[in-house]
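In the form predicted alone, a lone chain appears below as structure tokens.
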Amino acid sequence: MSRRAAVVGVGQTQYRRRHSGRNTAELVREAVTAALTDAQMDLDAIGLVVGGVAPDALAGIDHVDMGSIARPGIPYFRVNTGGATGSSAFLAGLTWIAAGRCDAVLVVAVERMGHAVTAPKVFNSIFDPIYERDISLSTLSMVALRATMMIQKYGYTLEQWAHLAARNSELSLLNDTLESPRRFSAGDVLSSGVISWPIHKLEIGPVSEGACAMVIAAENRVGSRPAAWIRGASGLSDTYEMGSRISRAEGALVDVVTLRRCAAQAYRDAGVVDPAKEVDMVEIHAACASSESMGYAPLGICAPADGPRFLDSIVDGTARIAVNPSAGAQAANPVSATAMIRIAECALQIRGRAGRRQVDGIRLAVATGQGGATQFSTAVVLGAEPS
């Protein structure tokens, strides 16, 4: 990066399951006010506002961002890359600082999906309309397809994913941003009913609403503020058709080539040589336990063949790396905001402001974002010191 930058402010609403009772502007105001207060700044210091908002059809509200996120007199634009929307908005804001366009950026992501009865139909329209949409692909069957490939290729089991989901539910009890954390056992997962084999109902993150905001500042504006330095950041997109990614030389569908490559770029920028030994924490954007395990190898924290053993070490508490201490998107999945929340959680941990979910000794953390039919990937490396 041509200019060093850091996260100096984080604000989050509570994440609720459907119909929060407050309008979009109220949710945004709460998150933005908290982020600016945390950053010890006001809007006069902000040179750009970036909104991470899904298509209006998912919110059931036309131009949901214009009356809630955009601010008169400040440049504004909106970003949407499906589930990676929040992290893509973060990367977009970062480019303005790197280019010298401004010294402080406010990035905001908000989700109101619970207001739209058409949301499932919108989600199920993300696939290639000529060759793939008519074979009954849906967001859930897409996850199931990948999970089946993980079983066949790497030997994961349904019991392992059930234990991982239960472990994440336990962590959700420590996360004060969750209005209704869920706690359940591995047995509860396996008896919760199959949504699309091999995915069980309790493995899936709930439909959620809420807002997340962050302030990114150039080095000259950080001063004595507690900061999570942005050591590396990258985002990539892949071909639209899932069929073209099922099996190919550079990696199969479940090898998530885009995540592997953008993580490698972010590590290079950050000066990270061996992520398995140097990274202290990862926040993996994954709304299902099987999808979380799909992110381990692309991040370089284990070899692909060692994924099942690494998952077991996470569940039994012997893993060196803290994985999703917030409980991740399996605890709350406000789609437009969820990838930004992963970055926010890493920033909070590095700055020692994560409350009851704080993990000791976090100096280097990685957050991921995943969107569309897994064709959008982002990786952000945050550190306690600038690179």
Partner chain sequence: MKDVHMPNDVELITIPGNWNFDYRYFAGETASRFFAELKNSRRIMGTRCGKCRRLLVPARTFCEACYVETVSWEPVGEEGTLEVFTIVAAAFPGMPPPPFVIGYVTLDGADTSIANFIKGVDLSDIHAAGKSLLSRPRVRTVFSAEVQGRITDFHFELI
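Treat the numbers as computed from the prediction; the structure is a model and nothing was measured. Numbering follows the first chain given and starts at 1.
Below: the form predicted in complex with its partner chain, not depicted.
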Would you mind picking out the stretch of 140-148, 290-298, 270-278, 99-107 that comes within 4.5 angstroms of its partner chain in the predicted complex, counting non-hydrogen atoms?
140-148
Quick check on Pro129: any heavy atom within 4.5 Å of its partner chain in the predicted complex?
yes
4.5 angstroms heavy atom contact with its partner chain in the predicted complex for Asp42:
no
Non-hydrogen atom contact Ala303 with its partner chain in the predicted complex at 4.5 angstroms
no
In the predicted complex, does Ile61 come within 4.5 Å of its partner chain, counting heavy atoms only?
yes
None of His200, Arg167, Arg182, Arg261 but one has a heavy atom within 4.5 Å of its partner chain in the predicted complex; the exception is His200
Have a look at Gly187, Pro308, Pro75, Gly243 for me and say which one sits with a heavy atom within 4.5 Å of its partner chain in the predicted complex.
Gly243
